[in-house]
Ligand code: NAD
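Before any questions on binding or motion, here is one chain by itself as structure tokens, the form predicted alone.
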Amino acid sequence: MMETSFLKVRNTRTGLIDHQIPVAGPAEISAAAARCRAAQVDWQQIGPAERASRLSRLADCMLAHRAGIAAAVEADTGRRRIAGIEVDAVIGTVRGWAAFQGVPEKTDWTQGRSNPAIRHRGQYVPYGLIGVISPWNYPLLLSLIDAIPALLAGCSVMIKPSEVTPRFVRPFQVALDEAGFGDLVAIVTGGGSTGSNLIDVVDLVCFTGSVATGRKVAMQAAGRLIPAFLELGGKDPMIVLAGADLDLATDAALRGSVLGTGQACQSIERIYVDRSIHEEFVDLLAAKARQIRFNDEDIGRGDLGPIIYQNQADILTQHIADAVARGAKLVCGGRIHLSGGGLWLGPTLLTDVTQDMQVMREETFGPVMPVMAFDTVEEAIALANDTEFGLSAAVFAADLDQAEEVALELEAGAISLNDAALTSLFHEAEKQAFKSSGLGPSRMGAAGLTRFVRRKALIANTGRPLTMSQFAEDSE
């Protein structure tokens, strides 16, 4: 019998190693997959209404254990209020999907148009086992954002959370077991090899993370001919047009760039401002940015949590240094702050940036706000579209019609009008990623559910079947 190996986990606030997780190997993953598949048979047969009822029970159990789950997410991410909001958002998501009631198992018969004697109906068949590989920035939410609709659709689920922020697993598992999902949902922990082994045993994989890793996931899934739904990186632009309310625009830009320490794929990472208002915009944004406080001395006070993943601090430092070396002006922030072993970076505002700088081309994933002036709307649109990414974007204008006119020209999956990063707050609008930012149907809106079922067509002939003689070369 092989010994279980463990991965050590760093505390994001103290820098200390104070947690560890077991590494699930191929045998353990195969056994978990077998349990999930066995449980999925009955789960599919009970129907969408009963599945919705049992998901409501899961929400109740999560609420009963909210304190423990929130404390674990807080320890994972180094932020208290957002950790609580994350847990509440997941509970609300479970209840929301439960109220949705799922997709019908069968459709009504539809008369054929080309041949009235033939009619058809559809049957929706869930995939058996869904694999979810989630990132470190919002560990609970992004582990369940795909898993919950998959369950409602009739699937079983295997989740591999990030090894950087895995503490939520233990208290969440208690809620899962109490709600009766212990065999239907398997959580396997470990590093990259665990995720790779998971892909080998599931029928569909959902991955949230970097473009580089997403490509590897897609290639492995393609080798097995299974679907891969990918939510990948972003380099989201925000365009601020002349006539925009600068007080509102800077509020949106700051929150959209800095909330969660900018550690979100839909964060604003490039800001293009009409030259006529550029200086005023920068001054106002800088004044607001300088008011942001770290929560380093007291997690219950302040606005900004730590950099969760230690390696990310190196990327942030590199992007800022590259910009300054190429002539960018550092208006505020820009220096990693070490406190108690944790790493903090204040809102960092850069001007005089150019499109070729790393901070304008590569995903930064931190509270960095590079601002560039533009002279025409056409130029702003071209700059915003000049990227390999296409996750989301934002446009701020004097009115919604003007903002919409620009938004229609942007190559991204979701555009916030007169706000920023609305996909983190509003989950009802279906959207798909453009370019390298993702692959597959929307995880939001009704498609977030229907992507986990396949449609089978039942085609019935109510008349006489055609004969071979009717296709003979000499038939009339």
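Residues carry their position along the shown sequence, with the first being 1. Just so we're clear, the structure is a prediction, and the values are computed from it rather than from any experiment.
This protein has a second form, the form predicted together with ligand NAD, left out of what is shown; the following refers to that one.
Engineer: Decide yes or no: are Glu163, Thr213 and Gly233 jointly within 4.5 Å of ligand NAD in the predicted complex, with each residue judged by its heavy atoms?
Structural biologist: Verified in the predicted complex; spot residues all in contact, yes.
Engineer: With a 4.5 Å heavy atom cut-off, would you call Phe396 a contact of ligand NAD in the predicted complex?
Structural biologist: Flag for Phe396 set to no.
Engineer: With a 4.5 Å heavy atom cut-off, would you call Gly195 a contact of ligand NAD in the predicted complex?
Structural biologist: The answer is yes: Gly195 has a heavy atom within 4.5 Å of ligand NAD.
Engineer: In the predicted complex, does Tyr124 come within 4.5 Å of ligand NAD, counting heavy atoms only?
Structural biologist: No, Tyr124 sits far enough from ligand NAD in the predicted complex that none of its heavy atoms falls within 4.5 Å.
Engineer: Do Ile199 and ligand NAD come within 4.5 Å of each other in the predicted complex, heavy atoms counted?
Structural biologist: Ile199: contacts ligand NAD in the predicted complex.
Engineer: If contact means any heavy atom within 4.5 Å, which of 359-367, 275-283, 321-329, 376-384 contacts ligand NAD in the predicted complex?
Structural biologist: Of the stretches listed, the one contacting the partner is 359-367.
Engineer: Can you pick out, from Asn295, Thr250, Thr208, Thr348, the residue that has a heavy atom within 4.5 Å of ligand NAD in the predicted complex?
Structural biologist: Checking each option against ligand NAD in the predicted complex, the one that comes within 4.5 Å is Thr208.
Engineer: Within 4.5 Å, heavy atoms only, which of Cys265, Ile130, Ile271, Ile308 is in contact with ligand NAD in the predicted complex?
Structural biologist: After the contact test, the surviving option is Cys265.
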